[in-house]
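Only one chain is shown below, in structure tokens, and it's the form predicted on its own.
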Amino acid sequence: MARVYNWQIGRTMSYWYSENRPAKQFGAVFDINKCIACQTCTLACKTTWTSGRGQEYMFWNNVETKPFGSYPLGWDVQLLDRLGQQKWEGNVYTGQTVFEAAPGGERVMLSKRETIDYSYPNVGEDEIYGSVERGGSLALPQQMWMFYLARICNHCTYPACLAACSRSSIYKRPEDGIVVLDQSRCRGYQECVKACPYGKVYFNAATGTSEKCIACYPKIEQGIQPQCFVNCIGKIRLQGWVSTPDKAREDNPIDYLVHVRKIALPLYPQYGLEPNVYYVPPLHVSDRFLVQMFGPGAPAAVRAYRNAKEDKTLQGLFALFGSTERTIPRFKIAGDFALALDDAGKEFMRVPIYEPVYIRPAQDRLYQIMRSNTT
């Protein structure tokens, strides 16, 4: 096995191929706090990519309710339990990754995927965690919580599906880092399905090959964000390009959120795949749960998000989420506006940071009546 550097866990680790980063790496940020689980993103993906025979159970994009929801069933808790203690010393992960914990004869610690695991896409939907003692209603916000987690393929820097494939049918595109699957080479061994710890590779029984999210790369090539991004009515998503920490740029929106402000975090970085979809953690969840899911930077990220109302740059950047279907490679703040810029620095979208407020007088002078706030 080769030794590669994984900046998300702060150390080198074992991987089956040498480090070979693409020219640009597809990256995305999801603001969990704005997701309402309307599933518009799921339907947008479903009608575009997975409406065919053998794809009935496939959800390349899904939204699940945490802590109890998961699709496929138990995709996260199953592997977390098998990995054992996941210890961090500061920002360095000292536990084992799924590659280092793999049993003899296997390249990755595999997950057990059964047909029944794909039979309940809405398991745990809207279920809350915690309880309130009788008469203790003031403790409700602290003791009871749930949140929605929207998921696509993470297009990892060190994909487990790629490492497990004996046919070399899975590869990262050198121009954008998107992980794709060559079905002409696939023989349906399903090692990729078992290897992906996020449960984002599917087997099509009708064709005998595996399939997965391709980040809508035909749109990416035209400078347009994926279907699930542009159809998100909550405007929780932003697609762009993510750099390594040493090459981060402050005018790159993804770099700014991930590296500069460290407000967007990877999902289960301890798995060791260096996923490239990042999440702004929910505000109302216990620190212990958030650290397990997003790493040791989660509490600081929550504090930074709470203070975003005092930070014009953060406010402006979040205002750009969902403002255009085009990929936003650069941005800047100009007065009370946030500007989306192309690679050449030319403006193509401008949004106000603050919404205008108009307070109607209580009395309508024309009709000589008092207005009611119910109209």
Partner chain sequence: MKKKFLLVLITITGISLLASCGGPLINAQQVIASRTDKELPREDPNSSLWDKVAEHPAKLMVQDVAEPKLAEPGVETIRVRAIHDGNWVVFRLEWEDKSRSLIPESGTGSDAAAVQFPVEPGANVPDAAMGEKGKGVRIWFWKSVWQDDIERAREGKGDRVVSLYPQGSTDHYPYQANESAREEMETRYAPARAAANPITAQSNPVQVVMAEGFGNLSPAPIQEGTGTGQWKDGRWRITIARPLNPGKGMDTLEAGMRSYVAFAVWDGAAGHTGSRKMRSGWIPLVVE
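These numbers come from a predicted model, not from an experiment. Residue numbers count along the first chain shown, from 1.
Only in words, not in the display: the form predicted together with the partner chain, which the text now covers.
Site residues 70, 86 and 296 are none of them in contact with the partner chain in the predicted complex, judged by any heavy atom within 4.5 Å. With the partner omitted from this view, the residue of 310, 343, 336, 56 that lies near the partner chain in the predicted complex is 56 [heavy atom within 4.5 Å]. With the partner omitted here, the residue from 241, 99, 278, 203 that has a non-hydrogen atom within 4.5 angstroms of the partner chain in the predicted complex is 203. Contact annotation for residue 175: none of its heavy atoms lies within 4.5 Å of the partner chain in the predicted complex. Proximity of residue 252 to the partner chain in the predicted complex falls outside the 4.5 Å heavy atom cutoff. Using a 4.5 angstroms limit between non-hydrogen atoms, residue 321 is distant from the partner chain in the predicted complex. Looking at residue 274, you'd find every heavy atom of it more than 4.5 angstroms from the partner chain in the predicted complex. Partner contact region in the predicted complex: 205 to 213, out of 226 to 234, 284 to 292, 205 to 213, 261 to 269, criterion any non-hydrogen atom within 4.5 Å of the partner chain. Contacts to the partner chain in the predicted complex (heavy atom within 4.5 Å) from stretch 28 to 51: 47, 48, 49, 50, 51.
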